[in-house]
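There is one chain below, alone, in structure tokens, taken in the form predicted on its own.
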């Protein structure tokens, strides 16, 4: 009990609305989909009582996970969003990172990563030989589940299919122009293409793998070591924003649409997820069992070159109330 009373001066003053010293900059990389919490932390600072007091929120948008990790390795970011499978690959390449908060996961109608073909295409989950597959980056979750589909057919991903990398916002145009035969479409990108018509789902990430993909926020272990209470304050604000997103879907998404922070038509974005559907994360805590199952999958496919100690990849204590 006595230990619990020994809150750091930074945390106590932040709760009181008093800045005890210069706030610490948090340079964080976000992506073009599934990062509603990170976007809202920038767009609605009123939802983050520690922002501007304990930390300054410096968010940069990136078109793909690869670009975020390049910036992170170059020392330009302290944190960023990532799929768990991409985090595993990074860790297997000895890139240090710690998963701190969970944003959402790919398992249900709430969040479905679609792999689409044209409606009259000969390609399907049962016929992918010779297909050109459009992705936003290599060694991402998007590549992982395409490889699952290819390898399930006994095909060689390096020889029997072709890969074409482009921004997510261009994949729909490439599919309709015949430059690719199959493309990856997360969240609202899938909604836009299905609403436009002329496409069909070959498979989804979950239907082809049976494994839940979780999307998290990672921090540099060195940054955490030097600024543990700062990260804890950020995580508290992240949890506040997640609760707001769950309880006020319409207002939250309206703020995102009005900001034009995403590439999709705001009018279309607002139609995607009804307000009654909640964000299915468990209090923002990254799930260790999900990480273990994903590692089994990625290692079995050769997507991840070596196993890592997954228990060292998550610090759930920072996000727990």
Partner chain sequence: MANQTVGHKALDLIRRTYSIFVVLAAWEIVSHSGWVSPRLTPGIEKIAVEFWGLVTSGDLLFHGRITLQRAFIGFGLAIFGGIALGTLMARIRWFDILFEPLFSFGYPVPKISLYPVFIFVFGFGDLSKIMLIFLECLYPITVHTYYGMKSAERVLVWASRNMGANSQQLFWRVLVPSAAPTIFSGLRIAVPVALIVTIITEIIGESKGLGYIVSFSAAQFEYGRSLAAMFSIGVVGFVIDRLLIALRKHIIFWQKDSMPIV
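Numbering follows the first chain given and starts at 1. Given the structure is predicted, the values throughout are model-derived calculations rather than measurements.
What comes next is about the form predicted in complex with its partner chain, which does not appear here.
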**Message:** in the predicted bound form, is there a heavy atom of its partner chain that lies within 4.5 Å of any heavy atom of residue 159, even though the partner is absent here?
**Reply:** yes
**Prompt:** Contact between residue 179 and its partner chain in the predicted bound form at 4.5 Å, heavy atoms?
**Reply:** yes
**Asked** Going by a heavy atom distance of 4.5 Å, is residue 90 a contact of its partner chain in the predicted bound form?
**Response** yes
**Contact test in the predicted bound form: residue 95 vs its partner chain, heavy atoms, 4.5 Å** = yes
**Message:** Quick check on this chain: which one of 73, 207, 196, 246 has a heavy atom within 4.5 Å of its partner chain in the predicted bound form?
**Reply:** 73
**Asked** Which one, 232, 147, 212, 239, lies within 4.5 Å of its partner chain in the predicted bound form by heavy atoms?
**Response** 147
**Message:** Taking 4.5 angstroms as the heavy atom distance cut-off, pick the stretch from 171-179, 148-156, 188-196, 122-130 that is near its partner chain in the predicted bound form.
**Reply:** 171-179
**Message:** Is it the case in the predicted bound form that 34, 106 and 115 each bring at least one heavy atom within 4.5 Å of its partner chain?
**Reply:** no
**Request:** Can you tell me which bits of 30-66 touch its partner chain in the predicted bound form, meaning any heavy atom within 4.5 Å?
**Result:** 66
